[in-house]
Each structure stands twice: as C-alpha cells, then as structure tokens.
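Shown below, as structure tokens, is a lone chain in the form predicted alone; questions about how it binds or moves come after it.
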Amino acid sequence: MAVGVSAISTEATHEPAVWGLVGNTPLVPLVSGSVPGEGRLLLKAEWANPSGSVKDRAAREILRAGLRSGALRGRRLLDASSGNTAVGYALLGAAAGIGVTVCVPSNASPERRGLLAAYGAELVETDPLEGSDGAIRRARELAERWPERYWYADQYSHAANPRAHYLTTGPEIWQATSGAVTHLVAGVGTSGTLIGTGRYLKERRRDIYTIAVEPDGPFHGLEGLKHMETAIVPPVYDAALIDATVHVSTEDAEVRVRELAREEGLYAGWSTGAAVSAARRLLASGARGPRGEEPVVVVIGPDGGQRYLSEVGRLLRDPAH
C-alpha cells in the first residue's frame, strides 16, 4: 500500500496527504555522552513529525480506528492530553474534516494553546494542579454527559496508541540501527511509545533493554510525563515489558536541554532532556549490551524546544551564562 494511503472506511477513500508525513523521523547520533567503544547514543528526533511531536503517530492511528469503526460519524473526537497529542489530533483532524475537542491542563505552554486555536480545535482547560489526570477526569465527564456529541478516544487505554509505535517507531529503529540497538530509553506519559516500540524490538531481539523515564516526584516541570506511583496508571502500560525505571528531576532535564542546544545544536523539549539524562546516566555507569557488547542506546525525543519558547528563561538558570 502506498505511503499515506489507507482504507479508513468501507468505501475506497484516501487519507489526507499530511497523514502520510507522520513517521520516518531521523535518528541523530549524539556526540555528548557517546564514547567510542563504551557506548553510542542515538536520539530519535520526533519533532520532525508534522505537528512537531511523537504524538502524531498515536493520534493518526486512533483517528484511523475511529473512522474505520464509524465511531466518528457525526461526532467530534474528544480526548485528554498534556498538550502534544491534542495538537496532533487538531492538525490531523483539520486535514480530514474531523472536529476535535481536547481537555488540557491550563498550564500547557502558550505555544501548544496557540497551535490548537490555529487548527480550530475546541480547548477545555483543566486544573493545572491535577495535571493530565485532571484532564482525563474532565474528558470522561464530557463523554458521559454528551455521548451523541463526542467520541471519547481515550489515548491512555486505546490499543491504537501502542500499536502505532509497534507498526512504525519500532521498525524504524530496528532498520536504522541494522538490529544493533541494545537499549531503548523513553519517557512514560500514556506509555504508548515505550510499550509499542519496546514490544516490537523485543520480538526481534528478546534481550533488548527497555528503560522507562519518569519524573522524580508527583510535582514536576516535565510536561507529558507521569510519576506512575502517584498517577492514574494508563491501561496500555505493561510493566512486564519494562526492564528498569529511571527517575529524573526537572533540574537534571533542564541541564540536558541546555547541553543539547549548546553542544549539539538541538533545541529539545524538557521530556527529551529527561530521557537523554537517563541515557547518559546509563552509559556513565558502564552499562554494556545484553551480550556484553558496546551499548547502542536509542533515546526517544518526544518534541522540540520550539514548543517551549515562552519558557526559555528556564535555560538561563545556568550560572555560567
């Protein structure tokens, strides 16, 4: 089947062209943290997706599922999001003529809120102190109150979320590394990225390590990530696929964001900084591949720093600058 074309209903229909631009993002070698013979660090630059984040993958697969099932016929897509999935839904939905309503914490970056407005999505702001869990509760209330108006996609439990990464992210990483990947490092929010990608890679090589990255506490500045011990655990989360969890502070993530920008020329978001921090900690510990080989560590970079330009002051906390 041609790229960007899929049967999405019982009728022969073509997907919007922009849907075909999702995926096939670059895998960028990082100089900082990589030491010849001791480990390679590769960053999957997911901000190269159309809306600027990894969430385009899940959003597209969920929209496909809604169209195939007929659930979106005459109804709007409704979901909760920390921001990135919301923007993905908004862009891809606009291209397909699908109405989108998203519940998002009111402390989501102004850039995210501006993009949602630009794509014509309906935004329902929720209590920032409740984070993504508060957005989930609000979306459930709306779906229960107006079932004829909304199709509640629920990215946190929809099988299409991890399936998107099983079908695309995993194969891309396997192919780009020629099967040499030894570690997968990714932050967990819905957990779909780590679970779907990890499942695919472990089917190709059972002993690949999958590393989950979480904030070090329930109150943090890492948008999109969940502190699982104190959060609503997403139904798509599968602990059996996770070999280790690394907790990263907001401050450590900020350090890595600065380093990526000033040493690699990559302005990444804070969740990317957290994942890179965890990966560098892994390599610094002297970790090897499962068979004693040089580790090839692939880090998922969910989004770029352009989505956080209003928060650039956080980068100025470095006393050396």
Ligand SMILES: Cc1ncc(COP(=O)(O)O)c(C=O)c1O
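Computed from a predicted structure; not experimentally measured. In this text, residue numbers run from 1 along the sequence as written.
Heads up, the form predicted in complex with this ligand isn't pictured, but that's what we're talking about next.
Visitor: Among 238-246, 200-208, 98-106, 184-192, mark the stretch whose residues have heavy atoms within 4.5 Å of this ligand in the predicted complex.
Guide: Answer to the contact question: 184-192.
Visitor: Could you check which residue among 170, 215, 224, 93 gets a heavy atom within 4.5 Å of this ligand in the predicted complex?
Guide: Residue within 4.5 Å of the partner: 224.
Visitor: At the 4.5 Å heavy atom threshold, is residue 55 in contact with this ligand in the predicted complex?
Guide: Although this ligand is absent here, residue 55 would touch it in the predicted complex, with heavy atoms inside 4.5 Å.
Visitor: Is it the case that residue 84, even though its partner is missing from this view, gets within 4.5 Å of this ligand in the predicted complex, heavy atoms only?
Guide: Although this ligand is absent here, residue 84 would touch it in the predicted complex, with heavy atoms inside 4.5 Å.
Visitor: Although the partner isn't part of this model, could you tell me whether residue 308 comes within 4.5 Å of this ligand in the predicted complex, counting any heavy atom of the residue?
Guide: Yes, residue 308 lies within 4.5 Å of this ligand in the predicted complex.
Visitor: Even though the chain is shown alone, can you say which residues of 251-290 have a heavy atom within 4.5 Å of this ligand in the predicted complex?
Guide: Going through 251-290 in order - heavy atoms within 4.5 Å of this ligand in the predicted complex - there is one hit, 271.
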